[in-house]
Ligand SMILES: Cc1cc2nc3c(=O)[nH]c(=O)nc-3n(C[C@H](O)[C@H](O)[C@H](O)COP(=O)(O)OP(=O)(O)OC[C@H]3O[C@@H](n4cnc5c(N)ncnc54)[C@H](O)[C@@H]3O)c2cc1C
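Okay, so here's just one chain, in structure tokens, the form predicted on its own.
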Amino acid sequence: MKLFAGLGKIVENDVPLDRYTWMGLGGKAPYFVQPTTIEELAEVARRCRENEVPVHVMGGGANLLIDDAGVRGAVVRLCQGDFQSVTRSDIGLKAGAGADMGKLVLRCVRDGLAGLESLTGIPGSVGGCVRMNAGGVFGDIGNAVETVDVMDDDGRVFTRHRDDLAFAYRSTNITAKYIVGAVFRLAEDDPHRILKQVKQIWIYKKNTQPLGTRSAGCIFKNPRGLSAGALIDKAGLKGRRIGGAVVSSKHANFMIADTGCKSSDVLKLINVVRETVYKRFEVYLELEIEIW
């Protein structure tokens, strides 16, 4: 019996992953699975566990670099069907793991709900943003999270509540492989005031970040009390290129994938930046992006 027998509508074989990442890089996945319901995801999770198939969970593909050789096992992408849903709740909004963060911010503006403005300009999906506590100088998503629904490898769904969640700099204490949705506690406010703040944040990011390019956002975490971008800049690495990968001249903590870029180019450039910054400042830069 085939691993995903009966699930042909949501499973593809040997799928190139570059089309699903913001950098546009990466090899193939033997199994590419896009469930549309909790029940389908639960069945996929159980089968992968029972057959010892490695699983990589993908959302919007924004904070991700995938090897040129691809990955082993199954890539489960939660960006279809129920996982894209966004509905009002008694305290704010309930969103599926695959809901687009940019669209969610605009939904908040439309509904006059304040609390997620800080996520303006941050790409990706709700699930990925929650797992890494995405954010920036204006705040982090964890400030608004009330509950998170997660699924274990047996397909069982649990709700993690605010008092059981710990949000730190670009991390959480969520260890479950699958985040399926979250509820955000938001405050009713004037839509015009919210829109004004969203516009201000967007203009700031447009002026300081290489938006609209093939990048994965910030490559490195900021060391405590320091700026990774400033360190890279001071090390004279803006514009440094290896193959098709180049350190952004606009924001040094971004790497751009130019024409002909390969994941191996980005990996080599990451190593050069790390080594150079360490030699100059004795600071080791930790990755913010995820590498498969």
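Since this is a predicted model, take the numbers as computed values, not measurements. Start at 1 with the first residue shown and count on from there.
Only in words, not in the display: the form predicted in complex with this ligand, which the text now covers.
> Counting heavy atoms only and using a 4.5 Å cut-off, do Gly124, Met132 and Ile179 all touch this ligand in the model of the complex?
Answer is yes for this spot.
> Using a 4.5 Å heavy atom cut-off, indicate which stretch of 104-112, 67-75, 85-93, 201-209 touches this ligand in the model of the complex.
In the other structure, the partner sits against 201-209.
> Would Phe254 show up as a contact with this ligand in the model of the complex if we use heavy atoms at 4.5 Å?
Phe254: contacts this ligand in the model of the complex.
> So in the model of the complex, does Ala216 come within 4.5 Å of this ligand, heavy atom to heavy atom?
Heavy-atom contact with this ligand at 4.5 Å: present for Ala216.
> Going by a heavy atom distance of 4.5 Å, is Ala97 a contact of this ligand in the model of the complex?
Yes, Ala97 lies within 4.5 Å of this ligand in the model of the complex.
> Evaluate Tyr278 for contact with this ligand in the model of the complex, applying a 4.5 angstroms cut-off between non-hydrogen atoms, and reply yes or no.
Contact with this ligand, no.
> Would you mind picking the one in Ala228, Ala62, Val247, Ala45 that has a heavy atom within 4.5 Å of this ligand in the model of the complex?
Looking at Ala228, Ala62, Val247, Ala45 one by one, just Ala62 meets the 4.5 Å heavy-atom criterion.
> Going by heavy atoms, what in 253-290 lies within 4.5 angstroms of this ligand in the model of the complex?
In sequence order, Phe254, Glu288, Glu290 come within 4.5 Å of the partner.
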